[in-house]
Structure formats: structure tokens, C-alpha cells
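A lone chain, given as C-alpha cells: the form predicted on its own.
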Amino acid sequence: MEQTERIEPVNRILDALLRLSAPVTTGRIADYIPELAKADPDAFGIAVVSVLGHAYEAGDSRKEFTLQSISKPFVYALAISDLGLDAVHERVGFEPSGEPFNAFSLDDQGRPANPMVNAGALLTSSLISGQSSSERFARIHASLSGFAGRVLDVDQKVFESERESGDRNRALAYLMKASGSLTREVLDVTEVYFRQCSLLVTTYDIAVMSATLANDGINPMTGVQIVDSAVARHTLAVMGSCGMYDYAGQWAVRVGMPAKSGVSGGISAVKPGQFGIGVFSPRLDDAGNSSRGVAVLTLLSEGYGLNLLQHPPRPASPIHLLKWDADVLSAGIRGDLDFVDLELIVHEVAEELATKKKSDAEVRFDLTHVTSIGEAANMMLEQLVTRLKESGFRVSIEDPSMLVKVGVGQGGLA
């Protein structure tokens, strides 16, 4: 079967979601940056890229627009990579502000509320390692291009328009300079920030960048590790709580995925471990988020169960075989093991041993068909083995893929 035939169902779903969301025409195009006011109000595109490197698109998915505030989480990830989480958050807070994205608001220590509002993004950008503004932007440019899997261009007209109309951002920077949280020169900081916001992307690019965060910091299209897994996780956490400004609470209820919007009309959304999403439609709601973008992502999440807080279906038992052969109980295990899987294993094995009343039997765990074991599952398996041995049972584990951590499996339990 051809690749285009294989992905047709997903593209059709995306097409249908765009059609259902197209009647949403509320909101207005951002015009406080004059160049953004020229956008086509009817442009509408969506793209999804999985952690396996497969892409699905519909609508104006290859139409270029500027990153604007969608640059914030990716620059934040670079800052953490440079300095570490604690050092960054000595200068920038963690918490949602409950105020507009461009509000004049600092905490008692002179810090902006979080890296997703303008003040926080300006400060975060200033933390990027580099001796000069050009060197700092070069590093930001290279990192964001790495996230996208291609070299991103700067829209020079938008950059100049941002610089000419950027008095509020300069005022925010001067306020932080006066409070002591910003230590670099204001004009250098704002120049870098305006340039990062003026990088050109498509919804496909945004989906790739989002999928890189979903994939533990590895770009699924290029295979390159852009940031480490801890940095990706920290970035997603802040996106989840602060990325949609003062719509963040409603977003968590209705959509429930880490996300970041930009005033050019783009939205980045992430389903960790599965895929990234890019959406573009220029009309903005009162919170500064794309009206159609919010609508289509709400439909997508509600229709396909993507909210991270939604209870997953009850898993089938990971035990595909549980049988006695004389005084040996064999337990064949399969799948990706997490906490709930090990909980099922613990109780099923314990019940079987209690039913047969064999206190000196051997218990054999066959993990040949197990594909992964989570941290919590590994800990529970270790405790299960320890308790069984303390109770007088002999325990052995068949672990050909070496998934069990040292001390539990190979080399000490046979």
C-alpha cells in the first residue's frame, strides 16, 4: 500500500475538523504590530507529526507565518539547557499570571511570573549564553531550526515592524532592568526577542517542533537530540500551566494538552509520547489565542480523548499465561508495563499462590514479550520479587531484552 493511501484516514479526519471549525469567525487579527495586520483572515491549517516521524496535514499547512510567542517555550528550553532549571527560575517565576500576556507585572523579587508572558520571555531570551546580541540570536536561531528540522528564515519586514512598534516590550524590559532581574542592556535584549518572534514557520514546522518536545527532545524527522528529556519535560510543564495565558484554566478543562499560542495565529500543542500539533488561523480571541485554533483543538481533544487528565481505558491483564507445572508457577508477561500493570501482576500471582497453597514453589516470570518497563513498574517488580523470596519462594526471570534494572533481574534472582 502506498504511503498516501495509508495516511488518508488521518488527513480526512483533519479535513473534517477544519470544516467543522471554519464557521468560527470571531476575533480579530493582531494589528498592534502593523505587519501582522496584513495576514489573510481566512487562512486555516493544521498538521500533526507523530513521534515515529509520520506527518499528517490539512488546509493551509504550508503557509508561512511568524513564530511570535510560540518561540517562547523553545527558547526557554535552550535557556534551561544552558544554565539549568534552578538558575533560570531564580530570574523567572513558574506560576500562571492570570493577567494579559503583555501585562506590567513582577513578583516581590522583581521576577516576571513565568517564561510564557512577554516579560518572562524577554528575560529568558537574555539568559541565553553568548557575548553579544548577535551571538545569542545565532544560538536561538540554530536551536529553533533544530526543533523544526530545517533552517528557519527571519521575516525582515515583521522584525522591523516589531522593532518600530515595540515600545511596550521595551518598557517591560526597562522595568525589569530597574528591578535588577534583567542584567543585560535593554535594546540588545529586545532586538534578540523581536528577531526570534520574526522567524518564519508553517503549521507543519510547528508540528515538528511540538513533536520534538513530545519525543523527549529528539526531532522525530531528523533523529537529532535537540534538548535532553528532562528539559523537554520541564518545558511541557510550563506550557501546560502558562502557555495559553489567562485562558489556561479553560484550556486545561477543554483540551488538556501542553500548548503555546502566538499573536500571528499559530498554536503549538503536544501529546507527550505521541505527537505534536501545529495550527494556524490569524483571528485572535480576547486572550490573544487563535479563535479557530482553539476551536479545532477542542474538537480534536474531545473527539479523540486526548486530554491528559482523562482516565485511560482499563488495561487488559499483562499476564497472557499463568500455569502450573508440578511446583513451578510460570507467568508469561506482555506489553508495556506501568504501575497498574504491575499491580495486576502482583495480585494475580499472589492469588494463584494462595489458592494452590504451595509455600515452597518456584515462580518464573517470562518477560520475552515485554516491550518496556516504567520506573514505577520496575520498583514494584523488585518489591514483588523480594517479598516472594522472603516468603520462601524461588524466583527466576527470563528477560532477553534486558529491560529489568540491575538488582531485580538478570544475574541474581535465578
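Start at 1 with the first residue shown and count on from there. Source: prediction; values computed, not measured.
We do not show the form predicted in complex with glutamine, though everything after this point is about it.
Novice: Counting only non-hydrogen atoms, which stretch in 361-369, 376-384, 27-35, 46-54 is within 4.5 Å of glutamine in the predicted bound form?
Specialist: Only one stretch qualifies here: 27-35.
Novice: Please determine whether each residue of Phe101, Tyr193 and Gly262 possesses a non-hydrogen atom within 4.5 angstroms of glutamine in the predicted bound form.
Specialist: Checking in the predicted bound form: Phe101, Tyr193 and Gly262 are all within 4.5 Å of glutamine.
Novice: Even though the partner isn't displayed, in the predicted bound form is Glu162 close enough to glutamine, meaning a heavy atom within 4.5 Å?
Specialist: Residue-level check for Glu162: yes, a contact with glutamine.
Novice: Going by a heavy atom distance of 4.5 Å, is Asn118 a contact of glutamine in the predicted bound form?
Specialist: Output for Asn118 is yes: heavy atoms within 4.5 Å of glutamine.
Novice: Give a yes or no for Ser69: in the predicted bound form, does one of its heavy atoms lie within 4.5 Å of a heavy atom belonging to glutamine?
Specialist: Flag for Ser69 set to yes.
Novice: How about Phe137: is it within 4.5 Å of glutamine in the predicted bound form, going by heavy atoms?
Specialist: Close contact is absent here: in the predicted bound form, Phe137 is far from glutamine, nothing within 4.5 Å, heavy atoms only.
Novice: Considering Cys197, Ala148, Ala173, Leu297, which brings a non-hydrogen atom within 4.5 Å of glutamine in the predicted bound form?
Specialist: Contact with glutamine in the predicted bound form is made by Cys197 alone.
Novice: Can you pick out, from Thr202, Asn169, Ser301, Ser81, the residue that has a heavy atom within 4.5 Å of glutamine in the predicted bound form?
Specialist: Contact check passes for Asn169.
Novice: Give, in sequence order, every residue of 236-252 that has a heavy atom within 4.5 Å of glutamine in the predicted bound form, or say none if there are no such residues.
Specialist: The one in contact is Tyr245.
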